[in-house]
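Quick heads-up: it's one chain on its own, the form predicted alone, in structure tokens.
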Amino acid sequence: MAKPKGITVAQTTAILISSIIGVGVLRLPLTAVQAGDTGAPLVTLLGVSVASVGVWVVAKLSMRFPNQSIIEYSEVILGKWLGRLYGFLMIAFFIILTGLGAREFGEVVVTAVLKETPIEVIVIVMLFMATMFVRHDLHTFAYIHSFYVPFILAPTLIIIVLSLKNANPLYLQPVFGNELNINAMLYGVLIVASLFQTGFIVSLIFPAMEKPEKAMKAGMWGIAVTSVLYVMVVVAILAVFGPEEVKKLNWPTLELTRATSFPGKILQRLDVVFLAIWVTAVFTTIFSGYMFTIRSLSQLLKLRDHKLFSMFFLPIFFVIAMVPENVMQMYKIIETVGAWGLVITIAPIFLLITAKARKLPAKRSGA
């Protein structure tokens, strides 16, 4: 398949940031506090560190195979059928991840804003929007992400800073948690790391960069910006509410925006502003999951165009989104899928080790 070149380092960084920041940011502080109590920032920091290893490995592989995506070089490294099996598992994982992301979006919107609207309508509208945009090429994909990133980052940072006027630093101590539970903390680290799995989209973007040798730079900048934002969100919410109060909140980030206002009461309902930002963030995340699914499948089947699958997956995503019977079951499924998905998204480590052991790609004589 012909690969359009020309995506810059800044655009790749933007894609990584806006793909990762999405539905999960609402529940991230609850996950971190349940795992580490006052040690929630530490759990988050360890989680993003695990996720950064995955991005680092994908960047190393992309620099080793600059003209191929992970779907293509998996076959080179593992062999035709084993490589295709790995590609199929990745696609299946992203189908489930995208469908559940749409459902989580629907649950929040129906609970917080459109209480009389059927959740099916919310989910299908979001998926339909993504379906329309995935028909474009990677350049348009990059432009869309680059355009939206400032509108996601800047207001979120402002809300975090404003919320700190209500912070109590005592809620952040001790940094390792009141009752250190290693197993719970490790589980929380894995769940936090799983929130970064949509960032795997860069494994398709790196080969389309105008300078693939700078894939590492783009990957590390993207993961660094996202990590700082996530840690700041957890610190702010823990410092404002305290660990015991956070454990009672289903979506702590949304509650933080409700408890925060602009100085002088210029704007008292920051949750309205945040939800507008959050809808944008969720759209870019689902957009990335959708794009990864159909482009990976087209590469797996050696097709020249991914547009063929754009409408085909819409009902599949919708059916998956409607599987959970309620919010609690939905989050149990998301945690299970996310934990198992780490096996797939960390597998590139073994691809890199195998490629080095087999000295792939083989150097051409005279090169």
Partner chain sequence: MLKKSICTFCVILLCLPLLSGCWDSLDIEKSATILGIAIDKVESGDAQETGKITHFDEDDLTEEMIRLTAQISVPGRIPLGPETGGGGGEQEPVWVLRAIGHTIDDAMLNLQQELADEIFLGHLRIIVVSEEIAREGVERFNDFLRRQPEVRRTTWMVVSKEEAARYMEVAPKLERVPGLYVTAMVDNAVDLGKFPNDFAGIFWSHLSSKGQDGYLPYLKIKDEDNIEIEGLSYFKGEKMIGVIDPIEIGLFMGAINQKQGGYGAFIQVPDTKERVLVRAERRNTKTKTAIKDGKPEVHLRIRYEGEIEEKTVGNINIDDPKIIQKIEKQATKETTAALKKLIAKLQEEESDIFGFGERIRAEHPSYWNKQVKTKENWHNIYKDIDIHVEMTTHIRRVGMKEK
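Fair warning: this is a prediction, and the values are worked out from it, not measured in the lab. Numbering follows the first chain given and starts at 1.
The same protein also exists as the form predicted together with the partner chain; that form is not shown, yet it is the one meant from here on.
Student: Considering non-hydrogen atoms and a 4.5 Å limit, which listed residue (H139, K80, K211, R269) is close to the partner chain in the model of the complex?
Tutor: It is R269 that has a heavy atom within 4.5 Å of the partner.
Student: Among F88, F151, F128, Y143, which has any heavy atom within 4.5 Å of the partner chain in the model of the complex?
Tutor: Among F88, F151, F128, Y143, a heavy atom within 4.5 Å of the partner chain in the model of the complex occurs only for F128.
Student: Taking the partner as it appears in the model of the complex, which of 153-161, 198-206, 237-245, 283-291 has residues with heavy atoms within 4.5 Å of the partner chain?
Tutor: Checking each option against the 4.5 Å cut-off leaves 237-245.
Student: Taking heavy atoms and a 4.5 Å cut-off, does Q68 contact the partner chain in the model of the complex?
Tutor: Contact with the partner chain, no.
Student: Is V53 a contact residue for the partner chain in the model of the complex, using a 4.5 Å heavy atom cut-off?
Tutor: So V53 does not count as contacting the partner chain.
Student: State yes or no: in the model of the complex, is some non-hydrogen atom of M311 no more than 4.5 angstroms from a non-hydrogen atom of the partner chain?
Tutor: It does: once the partner chain is placed as it appears in the model of the complex, M311 has a heavy atom within 4.5 Å of it.
Student: Just checking whether Y171 would be counted as a contact of the partner chain in the model of the complex - the rule being heavy atoms within 4.5 angstroms.
Tutor: Close contact exists here: in the model of the complex, Y171 approaches the partner chain to within 4.5 Å, heavy atoms only.
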